[in-house]
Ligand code: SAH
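The form predicted on its own is given below as one chain in structure tokens.
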């Protein structure tokens, strides 16, 4: 049976910037989402998937380039899905991110909220990330130049990022602007060394191949961690590569490898094998008040830490300032991760209690409190929907302030219900997804009033935006 032919639209004007970094157009009553376009572009669109009220498309021809456009600085733009807004000037990126928060609160939340504060721009727009994960693959994405070569001359191995929606295709990265050097130098050196050795790269379909992943983490002060993931144990080859990395990049402070024989790339449940240096790097952060003591956070191979460390300070400072601490509060920090926010606020409150699902993160949280000489924190590991119950509140006391920073899918409904039952005077809601944040706040609207909304840009050149909201008991 022949496939149904999908529509082709000509001379369509791009109207807006939308979700997931895709631009928005409208053809009759149909909304069309198109990547790598800018409001004001006029394009021909080939629809690639169609739903009842919207469709996804691809710009086939540009009749007019918008005056709003910026020149993308990365040669991989348009293929790599990591920085879809490089073609928008940064000031316009900020405008559309703030509009995204407003749209979510208006359309999804439908609650009253004050004027949104101007979004906080990131101090850096390139080189701002402290963590990148690259994938080895024997199914490298082939461009037009590659395809012009005879099949036997095409290089199939690559080290880079997954092509969007294609789990088995990797774009071989020449230069990534996300992370400061020596990130690119390390990746290219490891790629060249393993190619020269003729070692096999991983195939995600057959689950064969030796080289799997390369992770690079760094800290503001210069600490550098490199993690190499192998698919099976081959001591001689592992020794050759790890020695090569250590000798080539003596500035590495933590060199680790992992042997992951599973059929997925998750390494949080695997043994971290230290080759050289310390098993962690250390990040520092200014205090939220003038004259306060700087904080240190120890970061292991699988520890969570905000990936834009300079802007993380302003994110946490925003939450701190909106909470308006007087020094006598009991604070619950929900979804606390490695205790960064908990330890950030603890010196300025009576007691701070963090709860997190991942036990290893709670181990890090304890270490971070000890590292900073903080003795008024308590941490619990467990599913918040089960941990945050009446017995927990009786044991720890009713909080004056709840800080919550859930994952992208927002808070579990049972957590929302328990916050409403506890009734803290203030809730500071930090979110990386203003859509699920709006959904959760709507559930709290009868009891809590939105007092302030502050977007924070953590990820320039992407559509992602963090948002901090202060809720007060009515």
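Residue numbers count along the first chain shown, from 1. Everything quoted here is computed from the prediction, not taken from an experiment.
Absent from the display: the form predicted together with ligand SAH. The rest refers to it.
Scan 382, 127, 89, 279 and let me know which has any heavy atom within 4.5 Å of ligand SAH in the predicted bound form.
Flagged contact: 382.
Identify, from the list 111, 77, 193, 357, the residue with a heavy atom within 4.5 Å of ligand SAH in the predicted bound form.
The residue in contact is 357.
Since the partner isn't included here, can you check whether ligand SAH sits close to all of 226, 257 and 300 in the predicted bound form (heavy atom within 4.5 Å for each)?
No: no residue has a heavy atom within 4.5 Å of the partner.
Closest heavy atom of residue 440 to ligand SAH in the predicted bound form, within 4.5 Å or not?
Output for residue 440 is no: heavy atoms all beyond 4.5 Å of ligand SAH.
Should residue 249 be classed as touching ligand SAH in the predicted bound form when contacts are defined as heavy atoms within 4.5 Å?
Although ligand SAH is absent here, residue 249 would stay clear of it in the predicted bound form, with no heavy atoms inside 4.5 Å.
Please determine whether residue 332 contacts ligand SAH in the predicted bound form, using a 4.5 Å cut-off between heavy atoms.
Because no heavy atom of residue 332 falls inside 4.5 Å of ligand SAH in the predicted bound form, the answer is no.
I'd like to check something about residue 40: if you look in the predicted bound form, is any of its heavy atoms closer than or equal to 4.5 Å to a heavy atom of ligand SAH?
Residue 40: no, not in contact with ligand SAH in the predicted bound form.
Choose from 290-298, 229-237, 77-85, 304-312 the stretch whose residues reach within 4.5 Å of ligand SAH in the predicted bound form, heavy atoms counted.
Result of the contact check: 304-312.
Which residues in 211-226 have a heavy atom within 4.5 Å of ligand SAH in the predicted bound form?
Heavy-atom contacts within 4.5 Å come from no residue here.
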